[in-house]
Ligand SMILES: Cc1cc2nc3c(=O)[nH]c(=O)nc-3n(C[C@H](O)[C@H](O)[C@H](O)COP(=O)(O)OP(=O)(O)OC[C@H]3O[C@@H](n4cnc5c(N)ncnc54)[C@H](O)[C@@H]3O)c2cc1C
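First, one chain by itself: the form predicted on its own, in structure tokens.
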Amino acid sequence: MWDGIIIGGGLAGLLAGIRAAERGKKVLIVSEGVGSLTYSSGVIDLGDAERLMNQKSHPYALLGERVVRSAAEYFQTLFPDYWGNWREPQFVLTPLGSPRKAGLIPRGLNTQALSETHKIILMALEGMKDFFPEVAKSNLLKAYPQAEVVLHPFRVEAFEAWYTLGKPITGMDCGKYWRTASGIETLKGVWKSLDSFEPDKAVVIFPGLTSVFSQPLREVQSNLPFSVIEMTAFPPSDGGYYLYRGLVQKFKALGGELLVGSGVKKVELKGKQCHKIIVNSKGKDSEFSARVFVLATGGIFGGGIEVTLEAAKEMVFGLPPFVPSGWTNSEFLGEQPYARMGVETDNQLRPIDSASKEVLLENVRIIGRMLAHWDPWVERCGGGVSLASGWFAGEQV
């Protein structure tokens, strides 16, 4: 029997697994896929944590300040490359060059130097598909009016065949190349080409470069006489991919087991306890029992909740989700009530009946996007809720 089985392998599920395995627990993660983390920027959005902790029914309010703070600090002990703290927002550049608030960020994304410089060199790799140099330059000029913004187009020999064929180069292609030994040598040459710009008096912005989780890249950049700032990217993103890979590596290194491509076909309940799950993998059914089960299947957008014209249903345990009245807002970009759909829980993250508040399953915990009463887009707290609920669940296993 497992100490804990986590259903769902996104940020919340993996963090729960790491924390539980670190505590010496025998943990299995069952996941239908790799989740949406690889499509994210790798930035951990925390939102206005202090305000949200005072918002009734929000996961932050449910868990409290100690858990929110401890989870953020724990994540940074796992990944020291991440900068920031849970109280103070950091700023990163969007793929279009505008600064936006964020929570915990890879150090290479920190934009602080841009507010203090009078010259910005914006690198523009020829043929890069998902980067728009003139748009980025325009937005940088608006955000940092004290600075001159200079575009620096350049070509890379490794992509000559792509140029010949007219094949676009994605941010993922760039990120992968810069991490290779030849890419690092090429990068040194690119830095040398900036000498005429007096780069020691400027800040360099380099789209397509992702130094997080790469010691060789960080070492190269630490020896430069100027600051290099990276940009977040359109999905799929290098930052999200390497964060996912880093989480998986840590989980496995602690003895955790991960089944990807496996969906839960059936659960067996005894009263208010989940006894076992039946998992279908490669056409074969397998049974797994555990002391504690953690549900991290992503809510309405991750396939964890099925919505029909008649009803909404949580797909693994058949739990009744909270459904807001008036699902949609006629303003396309406005707040959408359905975003707050999810399973209601007590302060131990056990699922409860919305009307009676009675605990439905004693040994099941609900985490991440499956939790009710929060909006990841409006409140920009998706990463924070995943960290806080995942860490807390990992403590409960």
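Here the structure is a predicted model, which means the values were calculated and not measured. Just count from 1 along the sequence shown to find any residue number.
One more form of this protein exists, namely the form predicted in complex with the named molecule; it is left out here, but the text below deals with it.
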**OP:** Using heavy atoms only and a 4.5 Å cut-off, determine which of L63, V30, I352, A372 is in contact with the named molecule in the predicted complex.
**Re:** V30
Subject >> Listed residue (P133, G183, G263, P216) with a non-hydrogen atom within 4.5 angstroms of the named molecule in the predicted complex >> reply: G263
**OP:** Consider F154 of the chain shown here, and say whether it contacts the named molecule in the predicted complex, taking contact as heavy atoms within 4.5 Å.
**Re:** no
Original post:
Heavy atoms within 4.5 Å of the named molecule in the predicted complex: does V364 have any?
Top reply: no
Original post:
Closest heavy atom of G8 to the named molecule in the predicted complex, within 4.5 Å or not?
Top reply: yes
Original post:
V43 near the named molecule in the predicted complex, any heavy atom under 4.5 Å?
Top reply: yes
Subject >> Among 171-179, 195-203, 302-310, 81-89, the region lying within 4.5 Å of the named molecule in the predicted complex by heavy atom distance >> reply: 302-310
**OP:** May I ask you to list the residues of 265-301 that have any heavy atom within 4.5 angstroms of the named molecule in the predicted complex, in sequence order?
**Re:** A296, T297, G298, F301
